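Same chain, two forms, each on its own as structure tokens: structure 1, then structure 2.
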Structure 1
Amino acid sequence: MGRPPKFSRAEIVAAAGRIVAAEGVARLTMRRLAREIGGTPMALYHHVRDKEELLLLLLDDHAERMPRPDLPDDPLDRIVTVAAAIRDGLADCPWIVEVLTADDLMSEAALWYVEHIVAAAVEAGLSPERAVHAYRAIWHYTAGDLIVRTAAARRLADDERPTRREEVFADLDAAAYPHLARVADRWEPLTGQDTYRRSLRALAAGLLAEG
């Protein structure tokens, strides 16, 4: 009994990362991954419980490599800096969406970000409970931004048909929706602008003002 392992968990996760980076999550299948490491699909199941665990490991791996920014003294600035670091760290990997809907950004490596947002909120005067609530609001806002953003990018990438947005705005009832009609022709560029950070500051300011 006992035979030198042919594959390690780390190798498997690294191979999965290569596939996802080169071809997208949709192409990360257990069969494709097995081919990548030169084994059979079944070999993978000796190192990970199932595909979901694999994706979670991939998220952990990514989270560990994410930059940890210098922390400003001002609590509001600090919250904005840390939350923006989360977003920037996840923005370039659209596959993260799949994992976000399955997990809670609760990897070990993510704790650093959570701690510093909660700490800044407490320092600004919130109770520990309210500080957790504030963190949650910021996380929901960030997750929503990432998901909507990457979904939009994906649609643009592999779709030639007109977007639903275009169709809907094309026959917009200007009498029923006057404010939308006024910005209808600018909707695409307006919603394409990256206003994450600005609105994040508004959110954080609003949350700190509560307490």
Structure 2
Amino acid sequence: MGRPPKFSRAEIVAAAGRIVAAEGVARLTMRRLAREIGGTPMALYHHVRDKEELLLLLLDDHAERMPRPDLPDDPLDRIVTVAAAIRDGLADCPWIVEVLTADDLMSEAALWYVEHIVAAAVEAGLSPERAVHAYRAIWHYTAGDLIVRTAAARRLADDERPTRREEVFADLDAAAYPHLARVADRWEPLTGQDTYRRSLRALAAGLLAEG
């Protein structure tokens, strides 16, 4: 009989979470994880098969800790509430959005959110197939919002110089772009406003109206 594994699965998952939060998913390898936890890659294989299984464990761990809000009776309100909970739950872990949009990975613990969005869409009159399409559109909007905001925050943290967009709007040709010129001096603060819930409601209402 060999020596028992030195680390618990919970310790391994916690260490992996620290790596992806600080360095990104691409830097998460069994060798890098072994250095983080103070062991060898072989010791880790007692608990996890490979990087994919490790990422699934991370997804499950985070999904199980995400809040599950009280659900309104109205289907549209319910969709907005659940989708906003997804966004709020992932806002501080942008690496999860990177994993979910780049790989064919799904946390079973996260299906609670998917189920309630699809169920609300069916209750509002969509077929099950159209309800899945509605969920997909809502997820794409939510993931896109998180990706854009994360990238913008990272850029501002790394570089305080004006962006190329700011330079373009500062010297906009009013004759060629009259509508943009009217808001050019306010473009940055306007596009920086958090209008997610309002836009989400409009998107969801339009999707449900198709039923």
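As the structure is a computational prediction, the values presented were derived from the model and not from experiment. For residue numbers, the reference is structure 1: its sequence is counted from 1. Note that the rigid core is defined as the largest set of C-alphas that superpose within 1.5 Å between two forms.
Participant: Pick the form predicted in complex with another copy of the chain out of these two and give me its number.
Facilitator: It is the first structure (the form predicted in complex with another copy of the chain) rather than the second.
Participant: Rounded to whole degrees, state how far the smaller rigid part rotates against the larger between structure 1 and structure 2.
Facilitator: About the larger part, the smaller one turns by 26 degrees.
Participant: May I ask for the C-alpha shift of Glu52 between structure 1 and structure 2, in Å, based on superposition of the rigid core?
Facilitator: Shift of Glu52 at C-alpha, rigid core superposed: 5.7 Å.
Participant: Look at the Cα of Pro94 between structure 1 and structure 2 with the rigid core superposed and state its shift in Å.
Facilitator: Its alpha carbon moves by 3.2 Å.
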